[in-house]
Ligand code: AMP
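This document opens with one chain alone, in structure tokens, the form predicted on its own.
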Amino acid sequence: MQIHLSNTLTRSVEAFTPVRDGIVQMYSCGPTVYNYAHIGNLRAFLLPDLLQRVLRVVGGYDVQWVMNITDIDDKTIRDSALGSKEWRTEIGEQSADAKQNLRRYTQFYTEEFVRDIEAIGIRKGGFYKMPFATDYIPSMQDLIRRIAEKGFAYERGGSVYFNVGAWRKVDTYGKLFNIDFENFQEGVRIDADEYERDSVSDFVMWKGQKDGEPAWDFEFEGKNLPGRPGWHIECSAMANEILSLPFDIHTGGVDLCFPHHEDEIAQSKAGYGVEPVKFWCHNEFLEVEGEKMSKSKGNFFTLRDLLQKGVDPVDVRWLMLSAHYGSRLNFTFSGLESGRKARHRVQEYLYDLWERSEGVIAPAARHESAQALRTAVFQELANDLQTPKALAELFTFLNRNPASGVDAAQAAALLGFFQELNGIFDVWQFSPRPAQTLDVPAEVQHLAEERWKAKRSKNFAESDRLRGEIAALGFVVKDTKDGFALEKA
């Protein structure tokens, strides 16, 4: 099917055609690994996961998906510094070497990030590459030199800045975000990696070393400027090095439009001479219970926080994918529960289909109703990833076609469609309905489930306490490869 996507660059929904026949190259701004990812971050990472799955399953493309790891910026340096209060005992002992501390600190949070995204169904095998910024510093330095040679960079006090005023004389600065240049002051410099949206000034590409910070040598215009790259230059250099410009799609949260992505466009075009990306796709913000997420409001959650509350990470994935990526998502616990029920309703339908087909799964084209459902659902997904409309089509079908009225051939074809669809949503299982051979009281089952959630979130003290309560009620809980099993004591 023809895929259509909303393009921030043109502010319109456009038919998508890849730069290179049959292959889609996509770059996503990944995490800054200085802490655990919060659920707003996770939504931003679910957009490219959904997109690459739709491109593969619905569009029939091969996808090269790159998501970088920002392991060097203001935050990672600050929190990995010797004596930092953010250093965790699990990371190990700190060193007198700033680079070593940075590497240890970011490696710890990278591993935690990968654990989190895999829990919500973002498979590491879906990535073409997941590069670390610190592995591409020579490429970043080369790009800075290119930009300087073309007259759009200058050095001051050991740092190198992008000259926005010079660039505006030859090209547009403000392609993704409407910028008010009325108060623009040429020559004003910003050293921070992140800055306010009204701070339109020259931005740093190479930051001179400060006391106690990790640093790399940089030969620039006959000088050695020890320091490290600015945040914005990292993605420009990595995207070109790994995918080469131009490539097809760049994703990220709407908060990255300016300055990060705007600066990427300027740097890449100034240094490499081409418009870097055809489609810019941005997801909207996530709110919690109708309010902006904030630690001071007590509504700031990481996935670990939700697991400790007994939330199934699959339900987090379902809830986030149920809303269109371009609309604000109101994350609520009542919404999680409603989503869980909806997901389980589909799963029960699949168990019924499995029984009727006797485990046979056939292509959707084998039956007219399955093929019609496939076309209706996939058309919505092809239309700018309209997941709410796609799921509406799905549940309308379920309401009109109870499993009790489905014959074996139709059941097999429907299972074939759902298996394709699960290549996108990744929330269902295709197997017989689990046997209920043991009469387990609801209280015991609930305790066992809570104990399993506690163990998955590494709350071992709570896990042991719940195991004791289960034993007191005459049952033994045993861990299995895929979960747990209950037996009579």
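Counting begins at 1, following the sequence as shown. A quick note: this is a predicted structure, and the numbers were derived from the prediction, not measured.
Not pictured, yet referred to below: the form predicted in complex with this ligand.
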So, a 4.5 angstroms cut-off on heavy atom distances: do all three of 44, 255 and 286 pass it with respect to this ligand in the model of the complex?
yes
Picking from 189, 103, 75, 324, the single residue whose non-hydrogen atoms come within 4.5 angstroms of this ligand in the model of the complex is 75
With this ligand left out of view, which of 130, 409, 293, 376 would have a heavy atom within 4.5 Å of it in the model of the complex?
293
Of these, 427-435, 29-37, 57-65, 441-449, which stretch puts a heavy atom within 4.5 angstroms of this ligand in the model of the complex?
29-37
Given that the CA-CA distance for residue 295 and residue 78 shifts by 3 Å or more in the model of the complex, does it become closer or farther?
closer
